[in-house]
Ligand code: MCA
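Take a look at this single chain in structure tokens; it is the form predicted on its own.
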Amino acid sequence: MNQNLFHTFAQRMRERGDADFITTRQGTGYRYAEALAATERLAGALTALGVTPGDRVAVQVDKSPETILLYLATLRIGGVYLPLNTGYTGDEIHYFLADAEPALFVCRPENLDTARGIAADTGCPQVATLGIQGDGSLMEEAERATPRDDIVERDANDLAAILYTSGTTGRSKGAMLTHRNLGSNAATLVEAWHFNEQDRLIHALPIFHTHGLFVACNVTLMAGSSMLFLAKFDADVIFEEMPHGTVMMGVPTFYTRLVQDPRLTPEVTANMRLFVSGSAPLTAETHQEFEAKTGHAILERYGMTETNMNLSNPYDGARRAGTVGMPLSGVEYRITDRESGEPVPEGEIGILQIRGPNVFVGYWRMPEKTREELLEDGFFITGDLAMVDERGYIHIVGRDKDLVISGGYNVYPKEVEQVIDELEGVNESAVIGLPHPDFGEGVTAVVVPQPGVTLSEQQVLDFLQGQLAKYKQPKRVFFADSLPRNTMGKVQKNQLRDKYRDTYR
């Protein structure tokens, strides 16, 4: 039996026929039958460009329906899809092409000259272009090439994609994801989140990341539902589209912007059945405000580049603010001591480990790093600090690398941030550890006040008195207009550590 993930998708696409698959605000898009035919033409183009089973296809293009068709065509011919962040610079692209050695690099039309130079330097044999209007040399090749209606045989353990981690510390690592990894997770999410053919997903996420590509698009394909492709998050557009949608997947900043808008009402969200949040922590305050204004409790879930989705608040049942829920079907977890690796008791904080059919098979050409993080018994060390409460809900309390050890005591940044965020006039905060001559690391807070509000360092420190043990209280408080974030909304604490690193010297 052919275990190529596209084999499953193709069956659903045939069944759905003339039903909408992807639509855009401009009126373009594809019905399922049209999309299936387009993958045949693109498969022919990829073959003509020299892509064979197992070859990597690196892609750095802007969001369009055709990008998803390219992803599907790559699967169809047994290739390995390698999406790259649209914000990466030429130097970063050079690293990825040199490391992954793709057979083809697909870039924006306007970047062709630069891309050819990088390809020549890294030994990438072919470069093609793809634009947001369905234009570019790849689509021209698809019109000329002989279509392929076959689906290359793949084993469940063959690679379907490589996604590079953000690389905030050290070199970016290529997480190798198999057909089983992607297929099992999509099927699990369809069931867990009750997706069906009538769903219309409002898609405002980028598609070079697990969330926007594998969660949103794979789940849509598996369910046979439809999605509206938006180039980016725009609150005006979201409010226009919610009466016609049923599901939205977003990062926390989507929801913080929506709750600040007076247009967010039960009436405008009446047709929506589900709001999902992930990729970064959602504050309890935003969760509660959104529910108060709409009657909808946001469903927060937890996933990673290396694992797809692992944990989720329940569709039916309490969606608890500040938690990421419980394991999805087929996923196991354990929380272990940072030093010994032994499981910790309920309610204690440790390192979260995950095992299941969704967990990747290793890092591309990094066997030592793979052995460090993917254990022999199949558990993956996520690097996230977590605890499970008495009701079985899991709380993510921060990244292990963000843990502050001050005077020999462990300080969990999220605990301090939650208290600071309760101070009137605070919009958000980030707590980091900086080199300190006496304590090893000094607890340091960076606070973003609400617009028009002026706060002092002493006000923040006075507010924390009596609420936190002395060793958890910041030794310094700095103020900023905003916190640095990546494209998925995660606060980049490494940038804050760099900026303030000489504070105690």
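Keep in mind it's a predicted model, so treat the numbers as computed, not measured. All residue numbers refer to positions in the sequence shown, first residue = 1. Take the two forms, find the largest set of C-alpha atoms that superpose within 1.5 Å, and that set is the rigid core.
Another form exists, predicted together with ligand MCA; not displayed. Remarks below refer to it.
Looking at ligand MCA in the predicted complex, residues H211, R301 and Y409 each place a heavy atom within 4.5 Å of it.
Heavy atoms within 4.5 Å of ligand MCA in the predicted complex belong, among the stretches 26-34, 450-458, 48-56, 465-473, to residues of 465-473. When ligand MCA is considered in the predicted complex, only one residue from R180, K414, K293, R257 comes within 4.5 Å through any heavy atom, namely R257. The contact residue chosen from N427, N111, T122, T253 relative to ligand MCA in the predicted complex is T253, the criterion being a non-hydrogen atom within 4.5 angstroms. For the chain shown alone, P206 is a contact residue for ligand MCA in the predicted complex, at least one non-hydrogen atom being within 4.5 angstroms. Contact annotation for S225: none of its heavy atoms lies within 4.5 Å of ligand MCA in the predicted complex. Residue contact with ligand MCA in the predicted complex: R338 places no heavy atom within 4.5 Å of it. Shown alone here, S279 lies within 4.5 Å of ligand MCA in the predicted complex, counting heavy atoms only. Interface residues of 308-336, taken as those with a heavy atom within 4.5 Å of ligand MCA in the predicted complex (partner not displayed), are limited to M309. Relative to the superposed rigid core, K472 undergoes a CA displacement of at least 2 Å between the shown form and the other one. Superposition of the core reveals a Cα shift of 2 Å or more for E441 between the shown form and the other one.
Compared with the form shown here, the C-alpha atoms of Y393 and Q473 sit at least 3 Å farther apart in the predicted complex.
In the predicted complex, the Cα atoms of K369 and L403 sit 3 Å or more nearer to each other than they do here.
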